[in-house]
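What follows is a single chain, given as structure tokens, in the form predicted on its own.
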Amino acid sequence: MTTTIANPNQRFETSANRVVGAGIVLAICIFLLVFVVNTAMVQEMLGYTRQITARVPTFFIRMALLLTAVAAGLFMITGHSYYKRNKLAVTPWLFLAVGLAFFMVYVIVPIFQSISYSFTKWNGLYDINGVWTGKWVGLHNYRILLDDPNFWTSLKNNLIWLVLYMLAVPIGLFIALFLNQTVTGIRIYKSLFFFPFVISQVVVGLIFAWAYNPEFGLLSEVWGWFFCEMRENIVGNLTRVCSVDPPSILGDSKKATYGIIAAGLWPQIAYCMILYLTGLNNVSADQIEAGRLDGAKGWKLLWHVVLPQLKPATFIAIVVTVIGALRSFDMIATMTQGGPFGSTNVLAFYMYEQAVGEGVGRYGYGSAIATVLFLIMLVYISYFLWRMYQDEKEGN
């Protein structure tokens, strides 16, 4: 009687039929996506009279082909011997692959598309046959930017946002230090300070727009306690008479930007506070005790012992605050729509206003503004990443 001993390496061999079959399906799907399936083909196949009618069916057909291609790619990879031998190393990347693919399609590719559109003159429309109607103009949009006073106003406002928004970081830190205590009712205080973070930016903008209203807002009511009184008019009705009229913050071109920034700081401080509260939970109690034994207390203890351990939280807080300041849009759209007279415009809102605002449709010019904003953000984020890398290298 003979016993057959199975080859232990057989389970790591490539499944040839599976890999070849999946590869063929993948190649067919890619070929159809790139060279075959388009609105003209779907229009002819389904008998539509206009190409624009065929766009929705074309989208669903392409999505079905894309999902089939992803499934075929996974089958092909999991059938290969390399995957079978390195499952633990490769599997996490397979889970990340779909997310990375969508990130490429919806973030990275649009960035480069926007940069390419910035060299064109385009109204954002296609003709009746779905053909792009723009034309190449080179650096013309950027030359217009240099002579556009609204662009320079928007850029200046972005810098003001950036400088004043950074107040959220130290204020959030000190609120977190205050809340990082074990006293009765501290959870209620934490909830109250956390509350602004969970509110929509649009709602925050509406709340502050109401509060700033010089006729019936909260500011007007507080102002009346000091400068106004109720008097009887000639017909016997009580009216409010003020020695000094309440300020119209959103109606004043010199004050409106600062009023919007104050509204934006409210939820941003709450976000920084949450980051620091999380970081304070990881602060080493032994180091604090050692610092106290060495005589450090108060500001010295905070500066030399606590803050060095909060570097990761500080880095994230600064980066998120910088990005929030540069891409500020919701508050301006809700509270002033860029007014009065364009004085509160920032690059993000001015880009929107030029590209898809009512009666404008200057996609090329809007893309040029978006490219400038992207480059500014890229400089800041690259600097912070470089600093983090240097700190990590020095720590090692």
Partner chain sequence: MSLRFTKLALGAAMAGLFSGSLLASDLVITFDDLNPDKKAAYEAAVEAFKAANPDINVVANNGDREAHKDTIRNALQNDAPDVITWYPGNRMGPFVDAGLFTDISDLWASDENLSSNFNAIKPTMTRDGKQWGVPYSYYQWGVYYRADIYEKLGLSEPKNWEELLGNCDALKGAGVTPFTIGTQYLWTAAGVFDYLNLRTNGYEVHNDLTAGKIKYTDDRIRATFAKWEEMLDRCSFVSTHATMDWQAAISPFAKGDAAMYVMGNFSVGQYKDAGLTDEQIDFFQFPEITAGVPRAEEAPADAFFIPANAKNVENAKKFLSFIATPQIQGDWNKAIGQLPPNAAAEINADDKFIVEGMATLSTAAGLAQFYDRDAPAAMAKAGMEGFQKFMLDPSALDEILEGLDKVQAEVY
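Take the two forms, find the largest set of C-alpha atoms that superpose within 1.5 Å, and that set is the rigid core. Note that this is a predicted model, so its numbers are computed, not measured. Positions refer to the first chain, counted from 1.
Not pictured, yet referred to below: the form predicted together with its partner chain.
Taking a 4.5 Å heavy atom cutoff to its partner chain in the model of the complex, the contact residue among 243, 133, 86, 116 is 133. Checking 27, 67, 56, 34 for any heavy atom within 4.5 Å of its partner chain in the model of the complex turns up a single hit: 56.
Of the heavy atoms in residue 150, some are within 4.5 Å of its partner chain in the model of the complex. Mapping the unseen interface onto this chain, residue 190 falls outside it, with no heavy atom inside 4.5 Å of its partner chain in the model of the complex. Its partner chain in the model of the complex comes within 4.5 Å of no heavy atom belonging to residue 291. The closest heavy atom approach of residue 250 to its partner chain in the model of the complex falls within 4.5 Å.
The three marked residues, 14, 205 and 322, fail to reach its partner chain in the model of the complex, with no heavy atom of any inside 4.5 Å.
Proximity to its partner chain in the model of the complex, taken as heavy atoms within 4.5 Å, picks out 227-235 from the listed stretches 70-78, 227-235, 257-265, 165-173. Annotation for 103-125: interface residues with its partner chain in the model of the complex are 121, 123, 124, 125 [heavy atom within 4.5 Å]. Remark: with the core as the superposition reference, the CA shift of residue 248 between the shown form and the other one stays below 2 Å. Annotation: Cα of residue 295 displaced by less than 2 Å between the shown form and the other one, core superposition. With the core held fixed between the shown form and the other one, residue 137 has its Cα displaced by at least 2 Å.
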